[in-house]
Ligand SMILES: Cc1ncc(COP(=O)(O)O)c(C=O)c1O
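Before any questions on binding or motion, here is one chain by itself as structure tokens, the form predicted on its own.
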Amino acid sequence: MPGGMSAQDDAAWAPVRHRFPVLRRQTYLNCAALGPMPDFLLETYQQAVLERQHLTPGSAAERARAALAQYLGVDGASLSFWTNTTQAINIVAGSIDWRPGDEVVVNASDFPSNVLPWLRLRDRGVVVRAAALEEGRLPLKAIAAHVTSKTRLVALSHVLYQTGYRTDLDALGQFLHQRGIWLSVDGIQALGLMRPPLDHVDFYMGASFKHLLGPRGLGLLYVQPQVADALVPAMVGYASVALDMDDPAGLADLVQGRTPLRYREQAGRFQLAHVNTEGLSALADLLSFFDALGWDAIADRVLSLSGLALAGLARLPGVRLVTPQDDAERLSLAVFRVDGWDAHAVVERLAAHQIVCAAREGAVRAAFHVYNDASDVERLVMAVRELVGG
């Protein structure tokens, strides 16, 4: 067994691995794009459909909110559910009372969904400053160089999708909060792999279809309680206002201007209407599954697997690592380049070995989760060794 892990480690996680049918036909290293669902979700969805067929009231939203709040270590009232991460980012960007001359700092190389909503604010007179990566990293000093007295918000990703670099949210958040600056974080490449540290984060958003191993069409947004009530929602629906739906006079008073429009407290003001109930059932069961495994154990496992892959790839001639090797700067991704090979060509060759990875910005990205083991790492390294002739 390669260094850093033992046969006993893999044996302990074998019951988890057996819950993922996709692994019976391929080595799946692409949950950073789309996570495979575990087998027990068939029963979850069946139960959700039965509840809908017989119109028996379920508690999916309440269960999911409670499970998500426990996972994130926050008040459930600070959470709202959306369709995807992009929508949640747009909600935040559109709900702040921007003034001409305000500044936002973004990562110039971030996923477009975490850049475009902020760039659009230029139409409102907001100045957008872009920090550049430094050898695949975005350290605090690179962000601080763009912070001025007019900066109101910094927006970035918890884990960079193309390099695997993990931001120190505590250090960055403390630096920004000392200056009265908000921190907005796209957490989609960290959710499901670790407990995100949110003590110094104002907005944290993500979706369930990657490392949370859940359905598409279900996103989430955390808004720090002290911040939420200062925002005016970019969109409004019956669920976002303090309105008694059983009192027609209440809406009539609003329409006639006799009473003011009052938003619900905390994240309740951002929730518009119905959400994906079946997806929420899946999310609640997935979070219970993860919680039983232990979040610290999950983080250690994916860090060990990606570290094992990086170490093995680093020994191959012509292979250059993109992901930082420092444990504090990474999580589950192992990103690399192969000299003389286009990344898409490498991905195609790996696919011929039934190894599924992704090409991102000229590099090959392998993403590990708790269903992977050392044998998956060995297959990846051996397949790349075949390419380089090492």
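Quantities reported herein were computed from a predicted structural model and do not represent experimental measurements. So that there is no doubt, residue numbering starts at 1 and follows the sequence shown.
Note that the form predicted in complex with the ligand isn't included here; everything after this is about it.
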- Task: Please determine, with the chain shown alone, which of 144-152, 258-266, 77-85, 283-291 has non-hydrogen atoms within 4.5 Å of the ligand in the predicted complex.
- Result: 77-85
- Item | Contact residue in the predicted complex, from 161, 182, 175, 118 (heavy atom within 4.5 Å of the ligand) | 161
- Message: By the heavy atom within 4.5 Å rule, which residue out of 271, 157, 276, 95 makes contact with the ligand in the predicted complex?
- Response: 157
- Item | 4.5 Å heavy atom contact, residue 188 and the ligand in the predicted complex | yes
- Item | Partner contact for residue 166 in the predicted complex: the ligand, 4.5 angstroms, heavy atom | no
- Message: Can you tell me whether residue 210 touches the ligand? I mean in the predicted complex, with a 4.5 angstroms heavy atom cut-off.
- Response: yes
- Does the ligand come within 4.5 Å of any heavy atom of residue 111 in the predicted complex? yes
- Does anything in 37-66 come within 4.5 Å of the ligand in the predicted complex by heavy atoms, and if so which residues, in order? none
